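Let's start with one chain on its own, the form predicted on its own, as structure tokens.
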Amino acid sequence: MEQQWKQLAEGVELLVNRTDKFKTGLLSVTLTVPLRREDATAGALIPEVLYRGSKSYPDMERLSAATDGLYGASLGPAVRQRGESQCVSFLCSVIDDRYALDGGAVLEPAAALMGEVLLDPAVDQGVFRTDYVKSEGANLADRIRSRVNDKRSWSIFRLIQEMCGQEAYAVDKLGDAEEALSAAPEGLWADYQALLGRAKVTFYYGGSARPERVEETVRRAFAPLISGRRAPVECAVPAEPQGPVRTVTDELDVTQGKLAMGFRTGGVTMDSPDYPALLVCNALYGGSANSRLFLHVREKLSLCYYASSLIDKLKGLLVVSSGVEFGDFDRAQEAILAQLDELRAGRFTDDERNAAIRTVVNSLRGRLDSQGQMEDDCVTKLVYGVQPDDGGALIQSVERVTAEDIAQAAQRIQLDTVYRLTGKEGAAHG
């Protein structure tokens, strides 16, 4: 794989991963702005309204016909949270030119279509169409309100709200349901123009096209975006909890309790020298099927229906998520913390360490087999000023992680906040 990065203007960059590995090419454009409560709803709503239609293809039927004409290209919006930033993206997956029946170019017309959708939307009296804003606002409100339906992810969402309540990280990337319902075309149009003017812009391409061709294509299709802008992207990473451990309890009509525990990782993020050790530590703790939380807390002690851990590589957080009986909150919490203490003390075998390393390495290699995951990894790094690579250096660093490295990573992990979701009738038992 040949990788080339280029700054097209201040605050505007292009990364090309040239590879013949895939039968498709993937082109994306990402607009990154700070995650703020006053802007989040508009940032989530704008791409959905844009996707309803452009000047030449003013409705979804004609837009769909246009993608069908490009060998069934897949074009769509995405709103992602990366650290304390909101990333508004459009991604287009197209057949590689090598597989086009007539041998013609597919990248250029696909980029032109994506550029028109983003920069030349269907309008009415100079602003977004009212019917598009209203219907997409209602859809967004439904998405926000439906979060609570998945209690596992809801418990993590609520944990982050409580744990990072004074930090931008706690802002919902989808915004507020009532704001979505009340959005007006004129106001959303102003927010759209502001987004185009102030966002950091990241272009990504993965496929067989040469970097020079990709750059020329991007410059032509997205010309209005390629102008200098000052768009710093930052993420506050507290190294340790800012006070005593807090426990927050919610009551809902549920039959199974949820226990979510948030930890600070000592300030370790994806560009830290200790990041490989944190990855292996997490896999050994709760990030794999052979983890301590799965084998001991779930299987051996039968205290949880599920128990796993995950890390946020930008924010320096580790979150444990588990499902428990209402009467087992305390015992499960103690058992989860006990396994972390075991890792801190280095009480694990070489076989466990090697299994954790294999899990991380296989995961990292697997991401290199997916166009979408490669795009996500590269854009995430670019957004935060970390130069992407082919992933080989990180894999080698993971393979060199020692038992001492794992113990030291675990020693830096400190409990910050505990969230318990219990039943309305079972609060006294939780």
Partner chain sequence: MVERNYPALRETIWHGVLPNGLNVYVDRRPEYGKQFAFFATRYGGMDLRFRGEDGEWVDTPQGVAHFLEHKMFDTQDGSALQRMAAQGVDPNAYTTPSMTGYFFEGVQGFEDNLRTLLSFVSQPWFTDESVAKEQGIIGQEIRMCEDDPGHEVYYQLMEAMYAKHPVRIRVAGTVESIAQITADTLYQCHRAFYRPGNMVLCAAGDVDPERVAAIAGEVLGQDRSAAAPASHGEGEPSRVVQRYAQRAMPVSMPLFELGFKGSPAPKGEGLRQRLVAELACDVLFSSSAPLYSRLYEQGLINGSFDSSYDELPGCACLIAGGESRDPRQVLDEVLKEAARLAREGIDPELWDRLKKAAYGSMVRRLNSLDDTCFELAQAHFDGEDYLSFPQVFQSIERSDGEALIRSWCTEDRAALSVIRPLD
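All values reported here derive from a predicted model rather than from experimental measurement. Numbering follows the first chain given and starts at 1.
Not pictured, yet referred to below: the form predicted together with the partner chain.
When the partner chain is considered in the model of the complex, only one residue from 308, 272, 333, 290 comes within 4.5 Å through any heavy atom, namely 290. Interface residue among 251, 120, 299, 341 relative to the partner chain in the model of the complex, by the heavy atom within 4.5 Å criterion: 299. Stretch 56 to 64 is the contacting one of 35 to 43, 56 to 64, 400 to 408, 382 to 390, since its residues have non-hydrogen atoms within 4.5 Å of the partner chain in the model of the complex.
For residue 124, no non-hydrogen atom is located within 4.5 Å of the partner chain in the model of the complex, even though that partner is not displayed. Remark: residue 414 does not count among the residues lining the partner chain in the model of the complex, judged by a heavy atom distance of 4.5 Å or less. Taking non-hydrogen atoms only, residue 258 approaches the partner chain to within 4.5 angstroms in the model of the complex. Contact check for residue 89: every heavy atom lies farther than 4.5 Å from the partner chain in the model of the complex. Contact residues in stretch 5 to 38 (any heavy atom within 4.5 Å of the partner chain, taken in the model of the complex) are 21, 22, 23, 24.
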